[in-house]
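As structure tokens, one chain now follows by itself in the form predicted on its own.
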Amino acid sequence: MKKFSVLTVLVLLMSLIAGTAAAQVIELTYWTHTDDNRTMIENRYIEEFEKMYPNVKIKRVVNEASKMGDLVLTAFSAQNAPDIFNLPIEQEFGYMKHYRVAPVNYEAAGYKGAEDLISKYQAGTFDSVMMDGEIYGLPLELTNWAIYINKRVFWDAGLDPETDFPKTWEEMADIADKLTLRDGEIITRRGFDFRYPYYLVSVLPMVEQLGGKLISDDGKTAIVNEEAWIQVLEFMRDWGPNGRNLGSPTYAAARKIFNKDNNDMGMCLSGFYQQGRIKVDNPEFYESGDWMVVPFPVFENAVNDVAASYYGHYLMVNAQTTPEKQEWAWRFIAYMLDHPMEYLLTVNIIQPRNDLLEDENFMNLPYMDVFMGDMERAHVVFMHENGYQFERFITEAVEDVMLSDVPVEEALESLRERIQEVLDDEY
């Protein structure tokens, strides 16, 4: 029998221990959307968490919000999805319905169970992520949109932003026309433009103001109250280059250029988080106070006072990953979300935890009264397991009438047929 020296045995033992430790390292991938303010604090949270738990390594990957839906869908189809991700809840809903994401591990997240978790948040926070008695996501943010106004653009056009801001969509078109500057047919300054292609959040509520719906209450019929849809599609057609030429999906996103204060955007539609981005992108503009926020408009003939829908970005965990990774993923998510005030003050996103909402400083934040007032006249964004597909159909209908001058009735009929086909396949 071959004999080994004590030194050799020690080296072998140390190698074995090192190999075992290496094998126990948990590597998590976390996909999220671009936000420089959030990147700053979440990178710090990752460093802190990895120091507390040296066996865990976290790779944070960011992408443009508009690309996240397709990227996550492709990754799941290829069996290569991230361990942790967030999307708007209307896009996440399908992953829940098909059990592609794992329910919250309450113990790992620091809760006694579902009731304990629910009690720590604003009522209704988990309604959209609860299925079969289980909760499937923790809220990174709960968001609604209102109208941001650049006062300087109003003054330049001879308008008083404090009194001349639009209360109705008809006023929005007329005021935007007064603010708009053009070089021939090319717009050099838009008075306002929409959030293309997030139609479930902002355009569907316009339809609902007029008494319309995307699908019937029983879920079997597409396009309820076509008169409401026709009015909205006509409004969008008139907004585009074949109408009053006020804006278009072909221009840069309004909210992205608003912050620059380059006299090229009078108003945009965005959430409370926009304030944090203004502060970073253009501190002088932020500190000047030459901007303001006003409520979401309604049509003059509206039958329902409906604001832009609110939505949530919920952090979810891939059900295809190992139970051990799932546990550590929920531990990390809970650690990040245990900083609601820093998320609010640094990123300007609202996590609907009771301890935050009950803080005496919460309602004193700039224009928080506008956002909370609109929240009261809003409802959660339309959710359906095929909602992401429906939104694409709406996108095509809107762009057909705006950019291709397709007759409104024809675009609406095509939209109805495409959604109805999906609904019929479900029954």
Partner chain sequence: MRPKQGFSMEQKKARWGWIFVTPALILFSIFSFYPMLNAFYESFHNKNLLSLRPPRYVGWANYTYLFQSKDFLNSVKNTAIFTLGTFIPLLVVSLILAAFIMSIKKFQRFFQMAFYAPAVLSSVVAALIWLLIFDPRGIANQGLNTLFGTSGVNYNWLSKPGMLRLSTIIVYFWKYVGYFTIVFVSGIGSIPHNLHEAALIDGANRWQDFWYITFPLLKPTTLLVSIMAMIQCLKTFSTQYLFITAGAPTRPINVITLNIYYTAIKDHRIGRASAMSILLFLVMFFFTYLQLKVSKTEEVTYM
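Residue numbers count along the first chain shown, from 1. Predicted model only: the values in this text are computed from it and were never measured.
The same protein also exists as the form predicted together with the partner chain; that form is not shown, yet it is the one meant from here on.
Novice: Considering non-hydrogen atoms and a 4.5 Å limit, does the partner chain approach Asp70 in the predicted bound form?
Specialist: Taking the distances in the predicted bound form, the answer for Asp70 is yes, it comes within 4.5 Å of the partner chain.
Novice: At 4.5 Å between heavy atoms, is His98 in contact with the partner chain in the predicted bound form?
Specialist: His98: contacts the partner chain in the predicted bound form.
Novice: Would you classify Leu357 as touching the partner chain in the predicted bound form, given a 4.5 Å non-hydrogen atom cut-off?
Specialist: The answer is no: Leu357 has no heavy atom within 4.5 Å of the partner chain.
Novice: In the predicted bound form, is there a heavy atom of the partner chain that lies within 4.5 Å of any heavy atom of His33, even though the partner is absent here?
Specialist: Result no; His33 lies far from the partner chain in the predicted bound form.
Novice: Sort through Ile215, Ile187, Met292, Ala157 and report the residue having a heavy atom within 4.5 Å of the partner chain in the predicted bound form.
Specialist: Checking each option against the partner chain in the predicted bound form, the one that comes within 4.5 Å is Ile187.
Novice: Which pick from Pro249, Gly243, Gly110, Pro340 sits with a heavy atom within 4.5 Å of the partner chain in the predicted bound form?
Specialist: Result of the distance check: Pro249.
Novice: Within 4.5 Å of the partner chain in the predicted bound form - does that hold for a heavy atom of every one of Asn80, Asp281 and Glu287?
Specialist: Checking in the predicted bound form: none of Asn80, Asp281 and Glu287 is within 4.5 Å of the partner chain.
Novice: Could you tell me which stretch in 88 to 96, 229 to 237, 162 to 170, 207 to 215 has residues with non-hydrogen atoms within 4.5 Å of the partner chain in the predicted bound form?
Specialist: Single hit among the candidates: 88 to 96.
Novice: For a quick check, can you give me the residues of 320 to 340 that have a heavy atom within 4.5 Å of the partner chain in the predicted bound form?
Specialist: Residue within 4.5 Å: Gln320, and no other.
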